[in-house]
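For reference, the chain that follows is the form predicted on its own, supplied as structure tokens.
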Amino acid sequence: MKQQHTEPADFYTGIVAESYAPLKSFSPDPAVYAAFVREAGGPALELGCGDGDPLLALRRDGLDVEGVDSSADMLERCRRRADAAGVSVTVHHQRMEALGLPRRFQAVFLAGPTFNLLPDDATAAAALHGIRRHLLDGGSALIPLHVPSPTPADRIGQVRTAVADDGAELRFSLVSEERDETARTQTALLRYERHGAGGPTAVERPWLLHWYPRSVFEELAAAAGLTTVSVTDPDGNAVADDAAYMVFRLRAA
């Protein structure tokens, strides 16, 4: 049965937001985004800033960077982390495809392929138009994208665990996965569990990824007034048109 899409604003709540940091297997390198902001110029905006990586590191470096995220729970975790670290940070609770901030920026970026969470081309187009509206003329955007691979069958059902701040055990597993090559979507049913004081709790939520051929994304960007400057791998090297991971550098036309 086809899984329903859960908006990121609703997905990253409660136990899922609590589990995000302890269970994540990758953290973006702040130096990559600091270099982009310094090259493009400030002020800068991180889309999908979540609980503060790498936003807080960039603020510690004195860079003029704000953040935006659709999840109130993740932003609350970001604020708590900032307070604990003595870092001043400005974050906004808005959806990427419905940006309406009082400021324009010289640089806009996503620290990883969070753009893939937008469910279809129409939503992506709205987000790209929002990015253009919030960029100063000549400003730059950095958008990583990837094409997800189907999960090997032997990994479905495997459980990963971590420990929460209060000592509770957090568990994560992939229950099932569906892929639609025509719609360019892959939807995973994810299970999150918390075992601690008060007894166990668990939720299952569908997590959708939507991917783009290079030509499709460039057309969407151009329609929004964004010119493609370069398309590279994470290390800045040129990539083939069918690469599974691409970093798009765009400029406000």
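Numbering starts at 1 and follows the sequence shown. Because the structure is predicted, anything quoted here is derived from the model rather than measured.
Quick note: we don't show the form predicted together with a small molecule, though the next part is all about it.
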query: Is there a heavy atom of residue 161 lying 4.5 Å or less from a heavy atom of the small molecule in the predicted complex?
result: no
- request: Flag residue 95 as yes or no: does it have a non-hydrogen atom within 4.5 angstroms of any non-hydrogen atom of the small molecule in the predicted complex?
  value: yes
query: Do residue 143 and the small molecule come within 4.5 Å of each other in the predicted complex, heavy atoms counted?
result: no
query: How about residue 50: is it within 4.5 Å of the small molecule in the predicted complex, going by heavy atoms?
result: yes
- prompt: Hey, with the small molecule in the predicted complex, do 212, 232 and 245 all fall inside the 4.5 Å heavy atom range?
  reply: no
task: Among 70-78, 147-155, 178-186, 132-140, mark the stretch whose residues have heavy atoms within 4.5 Å of the small molecule in the predicted complex.
output: 70-78
message: To verify the annotation, which of these, 89, 124, 170, 111, has a non-hydrogen atom within 4.5 Å of the small molecule in the predicted complex?
response: 111
